[in-house]
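One chain comes next, on its own, written out as structure tokens in the form predicted alone.
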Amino acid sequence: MPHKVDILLGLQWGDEGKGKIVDVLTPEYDIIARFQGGPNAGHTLEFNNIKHVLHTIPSGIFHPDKINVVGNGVVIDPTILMREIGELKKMGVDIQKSLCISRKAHLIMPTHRMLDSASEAEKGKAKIGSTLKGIGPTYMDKTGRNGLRVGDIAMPDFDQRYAALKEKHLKLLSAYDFEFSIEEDEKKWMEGIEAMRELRSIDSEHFMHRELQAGKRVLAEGAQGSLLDIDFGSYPFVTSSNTVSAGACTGLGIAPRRIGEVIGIFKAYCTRVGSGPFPTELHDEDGELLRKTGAEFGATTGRPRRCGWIDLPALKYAIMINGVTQLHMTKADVLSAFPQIKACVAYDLHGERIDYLPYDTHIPHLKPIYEGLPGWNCDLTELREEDEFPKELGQYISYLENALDTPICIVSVGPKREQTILRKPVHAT
């Protein structure tokens, strides 16, 4: 009997701690597969007192007996991929054995990054907070049916295809008041292309089908967060791909009936990088304390993250659109700094109480309505069992489970593998 694919994704604006949880769960699976996004992702793992940040490669790569798949829904920058692989090789990771890349994944060109930078610079104050990695322009070429794909690398006319798309980009760039040079970037990019020719490329839809039929267990790893989804996020301040569970079907070639558990990761509070609406954002000393205590700086960009209290209407929305079956809460240890914790339970919109995300979440008059809960005010980082939890943490977890009507199976109390506490079974189907 074939297994189903379990999906793990973020329920907020990204940075929920997905990489760590994937790393912890990987022993239960045979294959870890990324299904969307690109090097705008920054999945942080910490073990053996070393911090690792992955941008393109799935977070199961440090387990030598597992296969890691970069799916067709991912966009790949060969320069960044090769840099990442170089770091992994230094640590003894066998890339040839552990990594597969879909031939249908699209390539980010140096000119894509220039277009990203030029477009963002022109927006001025209206900028969306792009990571400037060329993600948006690459997806635009994909939907515009102009893109270059990994499989094209093996084609005899690859150089001509590259030159034609580059020429198109240069014409577009001429419309901007933007100075740029791509010669050095292009040289490194071409070196990356040569190195990618040595990697194992696959037709991911056939590969996934065969492996599932053979009884292999698959965990699909999402990047960014549900509230950054191109369709269901806080548009236009979103990413350029479908970050929700449906994206695993289109980003790996998996049929919807093959989906099993949908694991939603959320922080015990909220953060956001870049521009866009954030109803519970704190501009006071509590917000600064969250940022400092949680070391809230982007793993990819280094930008300070905006911080605020947990937003339950937004979480309920993300749970609904993803079909989440279980929750994993991260960074509970950060809230130890607060004698009282707040949870947004509804919004005040022009004097009316609403308990759902409205169409326009960028309304200045959308005010959070909070309920207060007692904090635990003690260090959690040494805890390893649920029965060691302070009473107030147990109350917070029960409060969230009741409000969200979904079980919280894992609670993370620190960045390391061992700081991950299993409360309820995570059923790898």
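Keep in mind it's a predicted model, so treat the numbers as computed, not measured. Numbers for residues come from their place in the sequence shown, where the first is 1.
The following text describes the form predicted together with a small molecule, which does not appear among the structures shown.
- Not displayed here, the small molecule is approached by L228 to within 4.5 Å at the level of heavy atoms in the predicted bound form.
- Of the heavy atoms in R303, some are within 4.5 Å of the small molecule in the predicted bound form.
- Within 4.5 Å of some heavy atom of the small molecule in the predicted bound form lies at least one heavy atom of A41.
- Remark: D15 counts among the residues lining the small molecule in the predicted bound form, judged by a heavy atom distance of 4.5 Å or less.
- Contact with the small molecule in the predicted bound form, defined as a heavy atom within 4.5 Å, holds for exactly one of A255, L132, V345, L172, namely L132.
- Here is the short version: of V238, L312, L99, I153, the single residue with a heavy atom within 4.5 Å of the small molecule in the predicted bound form is V238.
- In short, of 217-225, 102-110, 88-96, 145-153 it is 217-225 that has heavy atoms within 4.5 Å of the small molecule in the predicted bound form.
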